[in-house]
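Okay, here we've got a single chain as structure tokens, the form predicted alone, with questions on binding and movement later.
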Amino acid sequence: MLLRKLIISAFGLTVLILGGHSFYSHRHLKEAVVLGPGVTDVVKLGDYFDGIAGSINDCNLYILDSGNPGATILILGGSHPEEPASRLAAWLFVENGLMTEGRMIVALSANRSASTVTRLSGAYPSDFTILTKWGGRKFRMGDRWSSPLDQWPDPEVYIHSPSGQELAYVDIRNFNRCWPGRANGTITERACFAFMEMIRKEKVDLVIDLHEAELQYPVISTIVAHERGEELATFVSMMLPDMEGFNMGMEFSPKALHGLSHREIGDFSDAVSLLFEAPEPFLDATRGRTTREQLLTGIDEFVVKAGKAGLLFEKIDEKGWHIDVRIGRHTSAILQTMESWTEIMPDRPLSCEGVPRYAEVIENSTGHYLHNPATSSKVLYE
């Protein structure tokens, strides 16, 4: 009896150690960022609000300033780090972009806490690797919500501030349900508040929040626009099929649904706020195993079957939705938005060179545009 107890205890201790090491390695994985030719400065989110300084969510902000007159655009990657194309599309701007008119600010880990954990019981891989001609770049896989290690416990009901709207309890850790944030709130709310402070202090004109969605979610392959951005979003949606070769619809930001970036940023600042959604089969409830391969290729026979049964809001076939396709959609949509913005507001132009578009990312792969940290003197870590 004693021997059996010792064996069971030893087995449990081994599992605990191995699991703990996995969680620790995930949380502390350093993701290299090679600063491209257009990066003129890197600051911290905490520079705009002391209440977030030094915390897990005191993320890096990469500034690409052309030095020429124009508007200021903010790109939010990693609002939901379980949507990796949103982070990697932003990465391509930091490592390759060169602004020629106006200024760009990029967050790669808008909710950094959520990038250090994966969805509980989701069986997600903790990381994934993008292959390049010189090797591989490893990135953290994340969650939709801030880590319970950084914010706990959840309330029975989340009361959004300042609207007073009741939302799901877990959404108090959802970065895209906590806008415009609270100075004395949770770490997720304080992060949103800090971004609002930055948007106001830097006089940001245009905010694009990058996301991916499951194919069973109706808000997919679309631009969600605050009413002050409806003309711009409509223009972009009309231009993308002819100029870039893919479709993105346009939807209005609901005035009665609070906490989302496309609603609150527009309401609480002078910035035009847009949100982009690309398809990600990895998130679908009908998916198969959540492997690294599935994350990257976007191929899943169960999601295909769901499509044949009429359960999806976006098409999918045996080719899936490769991460290169999803990233390329985001980079092209951002570039087209900047071009359309300039046509509508020529006195406040935005222009960026060096970032690959949809067709280029698909032809050459995402890894082609990620640079080798070992051969660069300008490297930071997320």
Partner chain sequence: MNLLTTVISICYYVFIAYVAILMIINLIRSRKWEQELLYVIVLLPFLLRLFRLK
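Positions refer to the first chain, counted from 1. Since this is a predicted model, take the numbers as computed values, not measurements.
Although it is not shown, the form predicted together with its partner chain is what the next lines describe.
Contact annotation: of the candidates L215, L240, A71, V117, the single residue with a non-hydrogen atom within 4.5 angstroms of its partner chain in the predicted bound form is V117. W152 is the sole member of F302, W152, F252, Y169 with a non-hydrogen atom lying within 4.5 angstroms of its partner chain in the predicted bound form. Residue heavy atoms within 4.5 Å of its partner chain in the predicted bound form occur in exactly one stretch of 268-276, 304-312, 180-188, 230-238, and that stretch is 180-188. At a distance threshold of 4.5 angstroms between non-hydrogen atoms, A374 is out of contact with its partner chain in the predicted bound form. In the predicted bound form, at least one heavy atom of I8 sits within 4.5 Å of its partner chain. Shown alone here, P125 lies farther than 4.5 Å from its partner chain in the predicted bound form, counting heavy atoms only. Shown alone here, R348 lies farther than 4.5 Å from its partner chain in the predicted bound form, counting heavy atoms only. Contact residues in stretch 13-30 (any heavy atom within 4.5 Å of its partner chain, taken in the predicted bound form) are V15, L16, G20, F23, Y24, R27.
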